[in-house]
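Take a look at this single chain, the form predicted alone, given in structure tokens.
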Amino acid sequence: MSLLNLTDVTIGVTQDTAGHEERLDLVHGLTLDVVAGQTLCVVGESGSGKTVTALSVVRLLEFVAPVYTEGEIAVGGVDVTRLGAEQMRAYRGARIGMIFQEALDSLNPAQRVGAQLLEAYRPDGVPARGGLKARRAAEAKAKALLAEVGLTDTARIMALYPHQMSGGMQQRVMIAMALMSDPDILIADEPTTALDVTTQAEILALFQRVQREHRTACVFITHDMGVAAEIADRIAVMYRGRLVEIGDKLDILTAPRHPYTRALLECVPRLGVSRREGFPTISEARLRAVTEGTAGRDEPVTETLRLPDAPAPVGDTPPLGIDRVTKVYGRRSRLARRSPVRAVNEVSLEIAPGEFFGLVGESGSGKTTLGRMVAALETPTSGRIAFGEHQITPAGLSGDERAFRRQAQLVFQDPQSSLDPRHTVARIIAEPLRELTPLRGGELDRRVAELIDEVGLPAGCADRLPAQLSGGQRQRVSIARAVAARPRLIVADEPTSALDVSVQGQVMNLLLQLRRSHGISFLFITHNLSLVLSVADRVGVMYGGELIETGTPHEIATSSAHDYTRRLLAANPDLSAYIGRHGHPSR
């Protein structure tokens, strides 16, 4: 018997437009089911309705939006859409466990981990009562689950605040919290998106083991087909609020029927496949033509950017030299309770003019700290960084800082937090032009319009705020801001980590196009091994603050010299390997 049944479910919000109430459907006529012990992966791009569906199962959307739900969402045969607020409260946690995408945002920053785990203990669907006996039962349950998810130092973990843990530890705590009341159904919304490949592999293995031992029905939401290949029993593909395909994992990955599913698979970066000349992306026009019947069903719906044949000259781009750079946080003293942290240790590297250098490593390896030092946002404890006439040493940045900012820029990981929410797109892009160039008035406005067009944004975006843009559009604004002053070096820190594969391809195509047309050097920081091996000229691997290996993508993938690099490769979800074992996608 299915534990979760969605039957002809339509979900939407009501909007007040000019005094009239209008309905906007976000999910249309969705029907699917999940049985005990099975994992259903729901895949699709941002905006496809995956998270809306998950939040509607636990009825959390109604707290933040005027939402309506039609159809039936049955949990164990009971339609939860018809339950009162108090009845529904008994289902959350006890019958349905939820693991959210951002563990740090989902945990209470003002409470210790132990208190939050005990609060989630609802054995009968209501908060545990009964004084000392109930508390001891909750504590025993919390410690057992922490040990089960690999956090064996349970007393120490329960005494920590969320910010004192790594991302992997936070996600393990979220899994333990979701299991505190032994739910029948576990919903995981992109739980590994922001994790490095080794931590992701550990969390996926943990998720599979917990699901198998507890016999829960699991709904795992992801935009990563490689992750779906690792963990799913069945896969459901959503596009623009509709279920376009559902079936066994093997059938979906090796013999997809819907053109959108085929396009998603084509967009996934794969080991051994070079994308230096451009990434495939989904063409909305082609997909619409195929789905509406105005083009043949076997017609391709992806398109690949064609880069300029002749790259721009890099004669005025200096090399980037990093010479035995070390960064230590904290100082050793008799009063200090913690030892100093050596985030970067004796790193030496040279990036040639116009080179696309990829830097990979797990969280805490020092790659972001190194990138921030290259961008002169941090100073090294020892060593020297040279870029043209500028040097970055323990004494700081030498020379004119504005001249350096014109030459070197940074694209941050999260555009949501790095763009001023009160400023329009035009004002955000104009800011570096006002600060770093002599452009004013009409010339400045024309340059802003050129940049908006160059990064592929609609002209109408100029007057919008960041909150009114999609994730991919916000990242394009970040890139436009970074290239506004025509820099010679860009440090890109995880610019695609939270993007789905097609939007990721669009952003990567933009970076490749800018590199080809402007001769820009890139230090590209990422934890996506498949992505960086498909696009970089050279790749460096960081571990424990040290640069342990550099080489071409082919050398790193086939003849890596370090055990850690081989572990990274082994932990990387590889869709090509799965398809190679089980067959090739067919039309």
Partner chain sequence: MTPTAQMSVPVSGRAASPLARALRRNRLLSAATALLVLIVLAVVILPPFLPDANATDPVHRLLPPSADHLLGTDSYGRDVFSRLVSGGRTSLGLSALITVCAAFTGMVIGLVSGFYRAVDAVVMRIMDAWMSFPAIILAMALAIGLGASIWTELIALTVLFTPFTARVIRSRVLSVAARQYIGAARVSGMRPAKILVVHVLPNVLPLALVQVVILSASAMLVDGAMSFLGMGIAPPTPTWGNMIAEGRSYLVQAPWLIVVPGLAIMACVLLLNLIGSSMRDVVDPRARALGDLQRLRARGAAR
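Bear in mind the structure is a predicted one, so any value in this text is a computation, not a measurement. Residue numbers count along the first chain shown, from 1.
Missing here is the form predicted together with its partner chain; even so, the following discussion is about that form.
S.K.: Find the only residue in 461, 419, 289, 305 having a heavy atom within 4.5 Å of its partner chain in the predicted bound form.
M.R.: Of 461, 419, 289, 305, the residue with a heavy atom within 4.5 Å of its partner chain in the predicted bound form is 419.
S.K.: Identify, from the list 224, 414, 189, 184, the residue with a heavy atom within 4.5 Å of its partner chain in the predicted bound form.
M.R.: Result of the distance check: 414.
S.K.: Is there any non-hydrogen atom of residue 62 lying within 4.5 Å of its partner chain in the predicted bound form?
M.R.: Yes, residue 62 sits close enough to its partner chain in the predicted bound form that at least one of its heavy atoms falls within 4.5 Å.
S.K.: May I ask you to state whether residue 180 is within 4.5 Å of its partner chain in the predicted bound form, using heavy atom distances?
M.R.: Residue 180 lies outside the contact set for its partner chain.
S.K.: With a cut-off of 4.5 Å between heavy atoms, is residue 213 one of the residues that contacts its partner chain in the predicted bound form?
M.R.: So residue 213 does not count as contacting its partner chain.
S.K.: According to a 4.5 angstroms non-hydrogen atom cut-off, is residue 427 in contact with its partner chain in the predicted bound form?
M.R.: Residue-level check for residue 427: yes, a contact with its partner chain.
S.K.: Within 4.5 Å, heavy atoms only, one stretch in 90 to 98, 247 to 255, 109 to 117, 419 to 427 touches its partner chain in the predicted bound form. Which?
M.R.: That would be 419 to 427.
S.K.: So which bits of 383 to 403 sit within 4.5 Å of its partner chain in the predicted bound form, heavy atoms only?
M.R.: In sequence order, 401, 402 come within 4.5 Å of the partner.
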